[in-house]
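Read the single chain below, which is given as structure tokens and is the form predicted alone.
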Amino acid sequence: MTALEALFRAFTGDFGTAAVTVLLAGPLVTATAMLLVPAHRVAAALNAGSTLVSFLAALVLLWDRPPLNIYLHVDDLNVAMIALTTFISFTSSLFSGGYVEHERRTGRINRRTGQFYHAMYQSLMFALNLALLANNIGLMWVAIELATLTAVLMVGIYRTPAALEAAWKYFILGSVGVALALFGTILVYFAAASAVGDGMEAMAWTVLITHAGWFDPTLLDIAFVFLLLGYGTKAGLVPMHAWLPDAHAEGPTPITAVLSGLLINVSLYLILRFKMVLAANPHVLPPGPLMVGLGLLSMLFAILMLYRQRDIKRLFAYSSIEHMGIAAFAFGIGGPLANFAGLLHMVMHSLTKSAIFFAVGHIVQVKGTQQLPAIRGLGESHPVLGWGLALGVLAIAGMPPFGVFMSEFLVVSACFARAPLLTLVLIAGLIVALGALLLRLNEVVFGEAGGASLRRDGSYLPLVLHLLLVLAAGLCLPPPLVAWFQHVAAQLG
């Protein structure tokens, strides 16, 4: 559909179709324009403006959805995820402007690299939007592969040996994950083709979910193992997680926020899509135990690794692995309460962890280092950053009254009802993680301030806004959001 056709549909009342067009075409057009814009400030403004337009378009989909087709669709599962993704992409783009300007001023990147950064940022947003909106399972795979390739280029943007090594590791492990996911996708297609016939219909998720009861259960079982391992690599689940700490530590901090807050979320979302297909077939083996096992392994491994980190970005990278493990564990437990908790945890983790990385990005720039022993006394030297990081850490550690506390409380409650013995392991893990994060927080925020500080650039608005949203969610969830979670949780099985 052309832009003129989308505009015409908008004026004639089809706002949903116009919104989808903006979500997909907008980032591509902006990325192309950025390659022609020589001024960094103009590129940064275009980046922020485009993501704001995408967020507004996503809000349109909350009340006006486009007609269904075999390639793209909007439903209860992805509509709020699209709104979350575009919101965080907007706030991250605001943070990117000052961050990239500081990196240019200190000589870490040049003008062309900054221009390339903003163009790749928009390309990544296109890929994530496409992955969420795709109705075709092949198109989902293409979108997540494009997101991987774009993220690889951004992780290695500093061109240091460590950054290039992290980008190469991400490329290799990501390619293995994508290959596994492709094989699983092909198996799902074969299972569907025997029931609905060859062609695009056998790749449309809405067709799969309708006819899943007639699919070969053995093929579905094998396919889900490959899909869980493949997309689980992108989600940072252990043992396919090795790319994530390096990519977070060596890439630009705004991209770290996007990887931790969005890309791993979208990858877990794709796993849920296929889990719903299996839930519609009564003859398949339950996927829950496999997700519980991987989730619990990811959480426990990451928690133990928290105590060994001396790099502040790697510390919170392992925290992301922990929380993806908690979400996968919740969806593995299954049932309306656990699925509700898993959905809520995905949203709360995305908002909280991106806020933490906003704070970390400022801290690394003003201190000139990522090493935890060299970062001390932020509460005294930079009170806004110190207390912003403190609130973010308390939130991600599951302390009340923040939203993560609510989601983790619901996960524990659902686990106690279905698997009481696992509840003890889960609670013990959460307590150990709390100890690790509070130990680091005490050193960074309350230690004796020392060392020189560089001039900072950028606004604290994204950090403050995210923390306020997480606090508000912990105090009172909006009834429409609760209703949406309940409805989707019932569909996840």
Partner chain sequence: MPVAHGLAFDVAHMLAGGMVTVSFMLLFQDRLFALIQFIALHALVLTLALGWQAWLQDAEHLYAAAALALVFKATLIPWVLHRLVRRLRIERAVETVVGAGMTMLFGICLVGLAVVVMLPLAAKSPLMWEDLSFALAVVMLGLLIMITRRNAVGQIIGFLSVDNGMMLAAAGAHGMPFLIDLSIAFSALVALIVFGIFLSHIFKHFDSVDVHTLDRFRGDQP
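Residue numbers count along the first chain shown, from 1. No experiment lies behind these values; they were computed from the predicted model shown.
There is another form of the same protein, the form predicted in complex with its partner chain; it is not shown, and what comes next is about it.
* Which of these residues, 377, 98, 336, 138, gets a heavy atom within 4.5 Å of its partner chain in the predicted complex? -> Only one listed residue qualifies here, and that residue is 138.
Heavy atom within 4.5 Å of its partner chain in the predicted complex: which of 72, 276, 120, 305?
-> Partner contact (heavy atom, 4.5 Å) among the options: 305.
request  = With heavy atoms only and a cut-off of 4.5 Å, decide whether residue 176 touches its partner chain in the predicted complex.
outcome  = Answer yes; at least one heavy atom of residue 176 falls within 4.5 Å of its partner chain in the predicted complex.
- Contact of residue 165 with its partner chain in the predicted complex (heavy atom, 4.5 Å): Looking in the predicted complex, residue contacts with its partner chain include residue 165, since a heavy atom lies within 4.5 Å.
### Message
With the partner left out here, check for me: in the predicted complex, does some heavy atom of residue 283 sit within 4.5 Å of its partner chain?
### Response
Because no heavy atom of residue 283 falls inside 4.5 Å of its partner chain in the predicted complex, the answer is no.
Query raised in the report: Looking in the predicted complex, any heavy atom of residue 105 within 4.5 Å of its partner chain?
Result: Residue-level check for residue 105: no, no contact with its partner chain.
Margin query: Please pick out the stretch from 152 to 160, 417 to 425, 80 to 88, 399 to 407 that is in contact with its partner chain in the predicted complex, where contact means heavy atoms within 4.5 Å.
Written below: It is 152 to 160 that comes within 4.5 Å of the partner.
**Q.** Stretch 225 to 242: residues contacting its partner chain in the predicted complex, 4.5 Å heavy atom cut-off
**A.** Going through 225 to 242 in order - heavy atoms within 4.5 Å of its partner chain in the predicted complex - there is one hit, 226.
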